[in-house]
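Next comes just one chain, in structure tokens: the form predicted on its own.
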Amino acid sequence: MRFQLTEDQRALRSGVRELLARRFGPEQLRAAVEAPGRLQKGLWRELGEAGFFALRLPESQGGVGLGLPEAVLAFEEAGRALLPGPLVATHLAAAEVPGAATGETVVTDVGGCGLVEWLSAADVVRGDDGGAVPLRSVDPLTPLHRVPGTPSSPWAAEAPGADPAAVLLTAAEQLGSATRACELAAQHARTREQFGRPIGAFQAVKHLCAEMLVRTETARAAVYAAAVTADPADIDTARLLADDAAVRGARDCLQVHGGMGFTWEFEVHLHLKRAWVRTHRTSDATESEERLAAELLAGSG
């Protein structure tokens, strides 16, 4: 089985990165943080025109006709750029909700534990959002509501199972955050000086950066492999590794930056907050751990 990217896949990843750098760079990110809760509909439509939401739709239905591996690459770039909005829900609704594929309709859904992202900005909500109440979100770019009466745990017997595609695309976003945190930490370690030399010359900082890279590349291999096999166990493994790489990577990046990493001038803390929110989007890690444990026990018998 071959996991190396093809030339077309590399071109797709570069194209998405260039689009996001042009339309959602550091200045636009800062502006979005200063106006929380406002979804940029113009950018949403531009993403639709670029085929972001229709990547996996057949060409006969007006889509791009690509597969899950290509969608994972696009969502990895979205995570790297901290692109806000219910991206996964709109992408998954492209075949069913008119306007979702073109970005004219913003779709959200009722996710794990009854959480709903961007409810006020959405045109369509999939699932019963009756009685949803606002929550104070740790991430300023992900407004949250919660539907009361939903199972408190996503692995409770009455809770619906998470869509594997949603789990994998969220893992791809986590991978993007982990990659960006690793880049930011290495860049700061090379340029920030203490005692007359870059802080990256000190062993403690070197180890932090090396461990971030190892976690990120391990998660990348798992996410890319799961995109090829689409096996539920592979997706659960990818999700656990990507969550760990994103959360711990952002924490370590904050430590490399020191106190300035917590200031609004830096994006490091935003990656940590987004990573925390994503860990509860479709379900939580316990659901994936339970399924993997059950599979291991079944195999050992």
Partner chain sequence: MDLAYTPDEEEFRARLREWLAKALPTLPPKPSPEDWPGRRAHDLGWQRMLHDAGYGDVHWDASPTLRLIFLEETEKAGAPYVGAGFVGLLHAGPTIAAEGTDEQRARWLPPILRGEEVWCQGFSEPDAGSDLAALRTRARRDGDDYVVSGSKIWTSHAEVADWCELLVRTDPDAPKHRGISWLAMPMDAPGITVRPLKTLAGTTEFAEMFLDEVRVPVANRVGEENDGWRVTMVTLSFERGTAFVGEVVACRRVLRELAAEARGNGRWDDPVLRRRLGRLNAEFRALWRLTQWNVSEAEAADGIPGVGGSVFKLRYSHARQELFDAAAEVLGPASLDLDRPWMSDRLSSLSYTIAAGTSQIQRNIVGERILGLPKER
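Quantities reported herein were computed from a predicted structural model and do not represent experimental measurements. Residue numbers count along the first chain shown, from 1.
Although not depicted, the form predicted in complex with the partner chain is the subject of the following passage.
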| query | finding |
| --- | --- |
| Ala210 within 4.5 Å of the partner chain in the predicted complex, heavy atoms | yes |
| Contact flag, Leu241 vs the partner chain in the predicted complex, heavy atom cut 4.5 Å | yes |
| Proximity of Ala225 to the partner chain in the predicted complex, heavy atoms at 4.5 Å | yes |
| Touches the partner chain in the predicted complex: Val110 (any heavy atom, 4.5 Å) | no |
| Listed residue (Val125, Ala132, Cys182, Ala78) with a non-hydrogen atom within 4.5 angstroms of the partner chain in the predicted complex | Cys182 |
| Pro198, Gly99, Pro140, Pro164 - the one with a heavy atom within 4.5 Å of the partner chain in the predicted complex | Pro198 |
| Segment that reaches the partner chain in the predicted complex - one of 101-109, 86-94, 114-122, 211-219, heavy atoms within 4.5 Å | 211-219 |
| Residues in 277-295 close to the partner chain in the predicted complex, defined by a heavy atom within 4.5 Å, in order | Ala285, Thr286, Glu289, Glu290, Leu292, Ala293, Ala294, Glu295 |
